[in-house]
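Next up: just one chain, as structure tokens, the form predicted alone.
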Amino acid sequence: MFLQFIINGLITGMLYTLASLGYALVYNTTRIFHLALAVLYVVAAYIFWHVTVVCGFPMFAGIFASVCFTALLSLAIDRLVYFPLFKLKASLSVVLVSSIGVFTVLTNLVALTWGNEFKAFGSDISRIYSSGNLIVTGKQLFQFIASLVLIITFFLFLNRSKTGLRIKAVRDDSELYQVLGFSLTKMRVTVFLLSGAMISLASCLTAWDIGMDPYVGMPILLNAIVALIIGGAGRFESCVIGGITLGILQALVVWQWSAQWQEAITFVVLIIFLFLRPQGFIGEKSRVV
């Protein structure tokens, strides 16, 4: 039974990792506390559901439509809200409030468009793979393999491509990046498009298994942020460590006590790290001058 919950937590942690990478792309490069990412997660799931269930297209067509729409919506939020504030040199607190506003407006639009009811992708029973007492559904196996491939692809892109290396350069020093003659505006376009795509993929993989409603975005975003913090804010690798750690811890809490304690353990872990190791597992201590 213990190993079963470890496997469940690992799969959940991989999905947290994808969501955390989507958040980290924006936060590590712009320092924007991107709360609107929560509603992008919701929109992605509903576009996926609408294309596959309502319109009857294949699953991969729904994922493609969801990724494209969410990436463009992510870019639109930056162009219409964040970037004008950036040009006005507004404080990050002002940007945070604007992000909350975007989240509130779009969440209500989703509820008005598709309703407040829970949506699912059908009642078909997933194929089950078992070995002894261990059971993994076909959907869980697909989630794990797809997440693993996406995470590996992301880091290959980040470390091997010119665009990926430039993203890391902006993360390290955006002012020096501009001094060297590169366009920060163009890089923001890339970052927000990629962020929207990553959060959409995490949303589609999760919603396909457990369904969704208009309010699932914020809990996932909080888990993504905590995963980044406990792994080490400022580094993309920390999302993997933090996401998997958080997923396994939550699964063990369910095993020992109840699912009602999942959110509690998330914030207990966050508080422990903020007090004892604020730089996270692989983060570095920084000196503030």
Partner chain sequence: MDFLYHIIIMIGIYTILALAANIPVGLANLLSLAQAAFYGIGAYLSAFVLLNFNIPLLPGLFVVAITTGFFSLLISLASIRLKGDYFILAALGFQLIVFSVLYNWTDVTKGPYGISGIPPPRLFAFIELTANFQFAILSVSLAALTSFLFYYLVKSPFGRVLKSIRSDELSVSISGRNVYQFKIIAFFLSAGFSASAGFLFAGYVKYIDPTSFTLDESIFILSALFIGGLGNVKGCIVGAAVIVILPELLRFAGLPDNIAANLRQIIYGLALILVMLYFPKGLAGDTMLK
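Residue numbers count along the first chain shown, from 1. Model, not experiment: these values are computed from the prediction.
The same protein has a further form, the form predicted together with its partner chain, not shown here; the description that follows concerns it.
Novice: Flag residue 91 as yes or no: does it have a non-hydrogen atom within 4.5 angstroms of any non-hydrogen atom of its partner chain in the model of the complex?
Specialist: Residue 91: contacts its partner chain in the model of the complex.
Novice: Indicate whether its partner chain has at least one heavy atom within 4.5 Å of a heavy atom of residue 229 in the model of the complex.
Specialist: Yes, residue 229 is a contact residue.
Novice: Would you please decide whether residue 98 lies within 4.5 angstroms of its partner chain in the model of the complex, comparing each non-hydrogen atom pair?
Specialist: Taking the distances in the model of the complex, the answer for residue 98 is yes, it comes within 4.5 Å of its partner chain.
Novice: Even though the partner isn't displayed, in the model of the complex is residue 267 close enough to its partner chain, meaning a heavy atom within 4.5 Å?
Specialist: Yes, residue 267 sits close enough to its partner chain in the model of the complex that at least one of its heavy atoms falls within 4.5 Å.
Novice: For its partner chain, considered in the model of the complex: do all three of 80, 116 and 271 come within 4.5 Å of it, counting heavy atoms only?
Specialist: Every residue of the candidate spot has a heavy atom within 4.5 Å of its partner chain in the model of the complex.
Novice: Give me the residue from 150, 169, 136, 85 that has a heavy atom within 4.5 Å of its partner chain in the model of the complex.
Specialist: After the contact test, the surviving option is 85.
Novice: So which of 163, 185, 159, 104 reaches within 4.5 angstroms of its partner chain in the model of the complex, heavy atom to heavy atom?
Specialist: Of 163, 185, 159, 104, the residue with a heavy atom within 4.5 Å of its partner chain in the model of the complex is 104.
Novice: Go through 51-59, 66-74, 237-245, 30-38 and give me the stretch that gets within 4.5 Å of its partner chain in the model of the complex, heavy atoms only.
Specialist: The contacting stretch here is 30-38.
Novice: Check each residue of 105-119 against its partner chain in the model of the complex and list those with a heavy atom within 4.5 Å, in sequence order.
Specialist: Residues within 4.5 Å: 105, 108, 109, 111, 112, 116.
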